[in-house]
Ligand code: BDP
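The chain below stands alone and is given in structure tokens; this is the form predicted on its own.
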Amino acid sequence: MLYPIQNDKRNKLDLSGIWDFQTDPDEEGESNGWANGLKAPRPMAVPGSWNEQYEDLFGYLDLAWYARDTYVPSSWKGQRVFIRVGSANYHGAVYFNGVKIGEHDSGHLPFAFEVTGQVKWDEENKVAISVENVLKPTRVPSGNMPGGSSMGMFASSPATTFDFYPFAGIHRPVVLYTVPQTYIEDITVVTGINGPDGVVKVTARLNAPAAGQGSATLKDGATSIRADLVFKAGMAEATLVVPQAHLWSDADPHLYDLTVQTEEDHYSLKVGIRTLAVEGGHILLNGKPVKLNGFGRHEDFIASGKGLNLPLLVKDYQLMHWTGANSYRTSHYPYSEEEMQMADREGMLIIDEIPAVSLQMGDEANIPVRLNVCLQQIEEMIARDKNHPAVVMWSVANEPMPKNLNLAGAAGGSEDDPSAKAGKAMLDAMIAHAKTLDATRPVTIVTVMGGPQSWMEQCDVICMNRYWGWYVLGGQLDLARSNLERELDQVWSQWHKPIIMTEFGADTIPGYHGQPNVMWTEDFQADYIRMHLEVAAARDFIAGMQVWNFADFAAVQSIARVGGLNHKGIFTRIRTPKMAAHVLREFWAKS
């Protein structure tokens, strides 16, 4: 899961660009040799969602093929060559010079396969990748559920269980990269604080159970701290003590340069020295309470869909800083590695979430297979993102759904529902798995309005999605306020853990105003957001407020989604601020 880099020991060739593309609704491509070239291709941008690039592909989620030719530089001879796909949603299979190299289930996370034995030197090589995004009840997230979608009146087309468009395609870069024969396969960095000093524990793993010598070096300007690494059975550990450490925080995101070196290889990454803890109603960053104020977001934009869009990434960070936000959740899947690097650099506090959105706990027959998928997603997400100081919490599910959901019963769904017990067993197993893999960060699930409160029990931090004043008591902000206050106080009294409101929001048509301020107007959204921030400000145990959503985003077509968009954005899909953006700035930018 180490991010591919270029240095004097490693090479990297980004294959992003215009690829050949062809749909394969009859699934004939493999048997008909499409891995060696497509029969009737058209151009397709990689990275990018195919649904946004062609009108006739808007609703297409079945099998499709990408192909392109590339030289592998002759200077790479003698090294091991890999192909890596940053994200193929949902199932991707990779072919190199006609040979199927491997496949991967579940989008939003990278996968790599060695192709050294298939490389043709001094001539072009054929790269082909097949991708399909069929909505299935056994997948995470699920679709085409028996008996229809749990979204009820919201669902139409496609038949998702979740409220965002299921974009398909290769969404992040495809790269060829090399490593030496014996190489650094993984690095784990755990930081601590001892008085004024920082403590950086480095664990390195080689690709083979080899012995040997190495080093770990931490640099900050002219300062350099070094420790020896002694590899036994391919593993080595070292602890570096940093006098008068410059700590990483959202207000001061200071980064050190860490280099792990062996006789054959070396790898460098950015490191932030910081600690995390949960105490009473507070999340502590470097021993001091911190509020996670910001947004739920989506990787979503016109033309690129969920494809990596670097100018948009820079723009979005500028807008988040403008509001005074210091955090967001990767709703509802791990975002790109480039975004995690940006968060480290810019001081954003990230709740990192696997794609387990709207897990259908009433569909007990499919819980075992979905649990295995979720455990895989947790492992891959933590392996990829564990060294980012910006990642301060793992979320293993968003809005898991009991069989019988009663939004009006938001103070706690029925524990008598059999799906409540089955759901708790699954969610507890997922939380425990994340804690086993990483004991340094809090773990949570993000609860649905009306869901069983027993599902909160194992969470380190209580994360709540609540829509008082919108889906329940719509337009009645006075009643919504009193119900929200009552529920927040009850949950705190029950669990005595920090609470983050990870979703609250109101759909808003940009430019639509009213007097009085009725639902769907910018004025109502501004009042709605202000009410929630006032409620939170009066409660010290509220550890963060994350508005749903940062920007309007593509959703399923339904009578509740005007123009196929969810309009709860504080900014429009093209990033124009609505009135509520100025309310956030009023509360956050001065604090």
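When you see a residue number, it is the position in the sequence shown, counting from 1. Keep in mind that what you see is a predicted model, and the values were worked out from it rather than measured.
The discussion below concerns the form predicted in complex with ligand BDP, not included here.
Chemist: Counting only non-hydrogen atoms, which stretch in 463 to 471, 138 to 146, 95 to 103, 427 to 435 is within 4.5 Å of ligand BDP in the predicted complex?
Modeler: Stretch 463 to 471 is the one.
Chemist: Mark residue 332 yes when one of its heavy atoms lies within 4.5 Å of a heavy atom of ligand BDP in the predicted complex, and no otherwise.
Modeler: Residue 332 belongs to the contact set for ligand BDP.
Chemist: In the predicted complex, does residue 399 have a heavy atom within 4.5 Å of ligand BDP?
Modeler: Yes, contact at 4.5 Å.
Chemist: Report yes if any heavy atom of residue 65 sits within 4.5 Å of a heavy atom of ligand BDP in the predicted complex; otherwise report no.
Modeler: Looking in the predicted complex, residue contacts with ligand BDP do not include residue 65, since no heavy atom lies within 4.5 Å.
Chemist: My question is simply whether residue 566 lines the interface with ligand BDP in the predicted complex - judged by any non-hydrogen atom within 4.5 Å.
Modeler: Yes, residue 566 is a contact residue.
Chemist: Of these, 363, 250, 503, 385, which has a heavy atom no more than 4.5 Å from ligand BDP in the predicted complex?
Modeler: Exactly one residue meets the criterion: 503.
Chemist: Ligand BDP isn't shown here, but in the predicted complex which of 50, 553, 34, 524 has a heavy atom within 4.5 Å of it?
Modeler: After the contact test, the surviving option is 553.
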